[in-house]
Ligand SMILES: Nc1ncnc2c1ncn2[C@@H]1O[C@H](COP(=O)(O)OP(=O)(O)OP(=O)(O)O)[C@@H](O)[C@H]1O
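Quick setup: one chain, the form predicted on its own, written in structure tokens, and binding and motion questions come after.
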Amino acid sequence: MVKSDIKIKDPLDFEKVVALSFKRKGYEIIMPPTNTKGYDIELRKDDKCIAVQVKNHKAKCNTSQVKKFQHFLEQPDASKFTEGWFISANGYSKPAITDIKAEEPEDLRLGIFIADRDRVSWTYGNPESISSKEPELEPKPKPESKYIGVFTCKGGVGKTTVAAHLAGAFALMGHDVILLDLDPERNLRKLFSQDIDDEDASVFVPPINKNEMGTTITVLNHDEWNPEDYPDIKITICDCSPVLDKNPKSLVEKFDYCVIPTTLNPLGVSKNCDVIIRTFKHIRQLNSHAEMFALINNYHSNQNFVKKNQVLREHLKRSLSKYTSTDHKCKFIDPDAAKIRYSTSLLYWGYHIVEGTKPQLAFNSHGGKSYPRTDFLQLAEYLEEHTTIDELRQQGH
């Protein structure tokens, strides 16, 4: 039903404020029935029919929220819409913007509504030729470096893949990253070198925006690492040996955060999640301050596995809670918040070794999308939201 006169009884009724703003700009406004899922406002102008989703959150909108709206636009129920506009009151997280700019969807726009100016500042896509820059934040003191250990007492759960691609996610977000290879297998050296004997193991990550510099991931063995040689690098990710004693004690003591990958299958959660709990305990022996996060890797999201996934997830949460209730710095990342899905891109990552081509991460798009890129950006976003890693955004980091 078309509502020609929208009266705002509550000034905080963000949805109606946005609708009125577009009405003043000449759009026909159609407010859908209450509890309509997927969008909040329908705009019409000329030959355009636009679905608008609005979010009046204090926090910046994250990857999951944007991806959910993007998924709605792809459904048959949204076929009448020529494009979708996601309007936020307080902006977007860096991973959300990075992921969308990498995919470059043509039918999606991200905007920030500036109420006191009655206008939208477009962060991605620009239908009204308005500047897309967000307000600059006041500079803060330069933060200390962050150390992240990727560790598990069990092999074969994708520890090296997680370490490398988490580094890739932070690189996409604008950080140069050091990857320390502490595993005796030295797989990172193999995966990031064109020649097995090459001393230079690194990857340049091109910028999403042409006017940015791009970033680097540099792989080092422990005996090559000297933090004084890399004063500007603020994120160091360690691919740890599964044998705790094989990891340099001085480094384990530095860990600010640890990511413990596991698989959501009977072996991954067997014996009441003994492997994960042993990993928590082993690290805690040497490090009393690190925050630790158990992460589901190689997650099969096929609809055929929904019931089994739910049973295994509940078993995992119950088993871990017996330990996490006594150590509040240990957390289980629920797959709804962040997970690494099974993908052939990750399965065949490293194929360049066979081909003899230059090393690269499994972030290439297929059909405009990359599940690994989205998932690892979402993991990086989760870590930012639950730790102090976001401090690194200050003063160019």
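Predicted model only: the values in this text are computed from it and were never measured. Just count from 1 along the sequence shown to find any residue number.
One more form of this protein, predicted in complex with the named molecule, exists but is not displayed; see below.
Within 4.5 Å of some heavy atom of the named molecule in the predicted bound form lies at least one heavy atom of residue 343. Although the partner is absent here, residue 187 is a contact residue: one of its heavy atoms lies within 4.5 angstroms of the named molecule in the predicted bound form. In the predicted bound form, residue 121 stays away from the named molecule, with no heavy atom inside 4.5 Å. The named molecule is not shown here, but in the predicted bound form it comes within 4.5 Å of a heavy atom of residue 298.
In summary, the region of this chain contacting the named molecule in the predicted bound form, judged by heavy atoms within 4.5 Å and restricted to 68-76, 153-161, 113-121, 310-318, corresponds to 153-161. The contact residue chosen from 337, 59, 353, 347 relative to the named molecule in the predicted bound form is 347, the criterion being a non-hydrogen atom within 4.5 angstroms.
Of the listed positions (91, 242, 125, 174), a single one reaches within 4.5 angstroms of the named molecule by any non-hydrogen atom in the predicted bound form, namely 242.
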